[in-house]
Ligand SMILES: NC(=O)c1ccc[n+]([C@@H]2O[C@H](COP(=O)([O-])OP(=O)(O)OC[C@H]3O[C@@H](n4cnc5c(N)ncnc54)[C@H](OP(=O)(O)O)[C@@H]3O)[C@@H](O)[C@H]2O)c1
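The chain below stands alone and is given in structure tokens; this is the form predicted alone.
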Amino acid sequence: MSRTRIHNFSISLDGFGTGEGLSLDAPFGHAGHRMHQWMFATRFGAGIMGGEGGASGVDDAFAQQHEPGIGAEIMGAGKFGPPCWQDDPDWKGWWGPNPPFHTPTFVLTHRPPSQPLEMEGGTTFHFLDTTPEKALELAKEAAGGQDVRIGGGPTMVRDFIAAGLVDHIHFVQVPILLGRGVRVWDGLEGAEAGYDIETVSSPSGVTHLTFTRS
């Protein structure tokens, strides 16, 4: 049975999933890459950055769960590009000609381009202006029985959790305070009641929080 999963989603101690002031030069706003250093240091992170090396251990074990069994991804407009990327007909995402998804990928935006965008390596971006429920229905059909990953950003993650659509959540709490940006937890009071929750602390200083539907 196809599940809906979130993996490797970093949040600050004060609950922000990204910083303020997102732009072409600052994809995570004033947060920079501080929330993702834990992942860049792993073997998984080195691999997705096109390099070699990286550490094994707790962080890498969690990070590696990001890809197996995924048949489609859903992401928000803010993950696909900077504000107003829809005005640039040449914009094809942050990741170059061969994005790391290698599956059908559904981008939710109120200003969807009219045609899908087929990239190298099996990634095709489909642009939709629809509800989380309808997007998940389409993604599950495209996934062919495999799982669907909710890729972010924080508004997208919050909307799917609020709608009760997510079966497995992996948040990584990073020991920094952002103070401003987009918070994940707003409006999700009591959402934990439907999940079994586990926490694992890492020597890197991050804490892995997993929520699995009861």
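Residue numbers run from 1 along the displayed sequence. Small disclaimer: the values here were computed from a predicted structure and weren't measured.
Another form exists, predicted together with the named molecule; not displayed. Remarks below refer to it.
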item	value
Candidate stretches 185-193, 141-149, 27-35, 43-51, one within 4.5 Å of the named molecule in the model of the complex by heavy atom	27-35
Within 4.5 Å of the named molecule in the model of the complex, all of Gly78, Thr130 and Thr155 (non-hydrogen atom)	yes
Non-hydrogen atom contact Val206 with the named molecule in the model of the complex at 4.5 angstroms	no
Asn98: touches the named molecule in the model of the complex, heavy atom cutoff 4.5 angstroms	no
Contact test in the model of the complex: Thr4 vs the named molecule, heavy atoms, 4.5 Å	no
Close approach of Leu108 to the named molecule in the model of the complex, 4.5 Å, heavy atom	yes
Partner contacts in the model of the complex for 8-42 (non-hydrogen atom within 4.5 angstroms of the named molecule)	Asn8, Phe9, Ser10, Gly17, Thr18, Leu22, Pro27, Phe28, Met35, His36
